[in-house]
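Here you get one chain, nothing else, as structure tokens; it is the form predicted alone.
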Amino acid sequence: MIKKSLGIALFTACFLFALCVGPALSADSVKIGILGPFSGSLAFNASEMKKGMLLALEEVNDAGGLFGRQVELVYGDTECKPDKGVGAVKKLLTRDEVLVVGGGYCSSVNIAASQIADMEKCPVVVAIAISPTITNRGLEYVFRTSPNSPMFLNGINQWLEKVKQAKTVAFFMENSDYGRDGEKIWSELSKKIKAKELAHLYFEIGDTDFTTQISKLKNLNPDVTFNIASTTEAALIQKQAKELNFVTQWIGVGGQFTEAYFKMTGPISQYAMGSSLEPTLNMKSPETAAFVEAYRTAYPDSRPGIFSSQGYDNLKVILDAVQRAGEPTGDLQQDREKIKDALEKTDMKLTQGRITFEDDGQVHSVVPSVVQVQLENCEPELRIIYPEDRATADYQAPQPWRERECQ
């Protein structure tokens, strides 16, 4: 009788334990690491990337998550500093035990962080950083959902060669892998089109006074000034160019075309040019139009810009690979290997276009457009000016400051 009572008690205890522990185990999240400069001068850009990712996260979790489990993003703040990035990715890989690492802004950081992830055999999918070095090293576990800098600059290079045909150029570059890689590409182009290179000037991330370099540029008077900079520095450069009455055809990349940049510069940004994957310029694509609508609903006071769409695409690709890899087994290395294999077979159409990876882990199927900042009621708007089959406006040559209607 005692044995029977003990058996019943033991069964009851085990049953109650299963009731308590079972839901907790089934509720274990699927953890994905996200790197980005979430503090410091680039925090706004990282927050735009994060908004796009949170939109993708909400979509999957509202639909039940993956394998009946909610997806959790674990953030690593890099501050756009390689040493901080290395520390952040090591924590994500070891202490947090994430399945895969996404995000990524600042090329120097991602060159270092992706090397660590590859050594640990954990797939890393870079969202925004564009240095070719990230994917041209042949690292097996490194992928990128954004075009690299040569791909970003290809269209603007064709425009410079076939349309603008500049005679003199100058370079004003962020002193980083991001800036130096772009400088090499544009220097090669300048030689190809026989444009004279008047100056190669640099600045550091976080600098606020650019008057010395701009004064030199004004004296040289180049037809085109190449400027690779992140949002804050790019905005300050434009403001100080106006103060010094310096007029040139500025050509840059993504950092010049963010919501924060337009808020900082207003009509001062008029005539700036570059390459962009701005989602609002690609509304003919149903995937892009759906993203823009969803983003505006989720963030009614924010503009759906390139970094938000790149963040969205990045996480969607990661979620798709995790799902195709199958439910995590708890063997972290085995699960990461399956996700890496699934990433290699990625084929999705998202806001930037079709996402597939070549053998180097680089997406080669996304083609940016050449854009120029033009004004509508004195408010900056991006317009596609090249190639001709995509153009929504004609090119406008920069006018002297005193002749500009909007100041």
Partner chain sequence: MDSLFLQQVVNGLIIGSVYSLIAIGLTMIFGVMRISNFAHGDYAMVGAYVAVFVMMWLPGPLGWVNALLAAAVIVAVAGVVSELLIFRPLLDRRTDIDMIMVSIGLFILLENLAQFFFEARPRMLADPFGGNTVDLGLVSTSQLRLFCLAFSCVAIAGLQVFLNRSKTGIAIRATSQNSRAARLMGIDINRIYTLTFGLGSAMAGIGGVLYGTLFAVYPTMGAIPTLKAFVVTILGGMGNIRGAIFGGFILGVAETLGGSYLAMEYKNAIGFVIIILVLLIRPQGLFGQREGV
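Positions refer to the first chain, counted from 1. Here the structure is a predicted model, which means the values were calculated and not measured.
Quick note: we don't show the form predicted in complex with its partner chain, though the next part is all about it.
Engineer: How about T212 - does it come within 4.5 Å of its partner chain in the predicted bound form, if we only consider non-hydrogen atoms?
Structural biologist: Judged by the heavy-atom cut-off of 4.5 Å, T212 is in contact with its partner chain in the predicted bound form.
Engineer: In the predicted bound form, does T232 have a heavy atom within 4.5 Å of its partner chain?
Structural biologist: Although its partner chain is absent here, T232 would touch it in the predicted bound form, with heavy atoms inside 4.5 Å.
Engineer: Find out whether any non-hydrogen atom of P286 is located within 4.5 angstroms of its partner chain in the predicted bound form, and reply yes or no.
Structural biologist: P286: no contact with its partner chain in the predicted bound form.
Engineer: Although its partner chain is absent from this view, report whether G206 comes within 4.5 Å of it in the predicted bound form, heavy atoms only.
Structural biologist: Yes, G206 sits close enough to its partner chain in the predicted bound form that at least one of its heavy atoms falls within 4.5 Å.
Engineer: Which one of W159, Y202, Y299, Y271 is close to its partner chain in the predicted bound form, taking close to mean a heavy atom within 4.5 Å?
Structural biologist: Comparing distances to its partner chain in the predicted bound form, the residue within 4.5 Å is Y202.
Engineer: Which one of V366, A43, L54, V60 is close to its partner chain in the predicted bound form, taking close to mean a heavy atom within 4.5 Å?
Structural biologist: By the 4.5 Å heavy-atom cutoff, the listed residue in contact is A43.
Engineer: Looking at heavy atoms inside 4.5 Å, which stretch does its partner chain contact in the predicted bound form, given the options 194-202, 326-334, 111-119, 287-295?
Structural biologist: Contact criterion met by 194-202 only.
Engineer: Within 231-249, which residues have a heavy atom closer than or equal to 4.5 Å from its partner chain in the predicted bound form?
Structural biologist: Sequence-ordered list: T232, A235, L236, K239, Q240, K242, E243, L244, N245.
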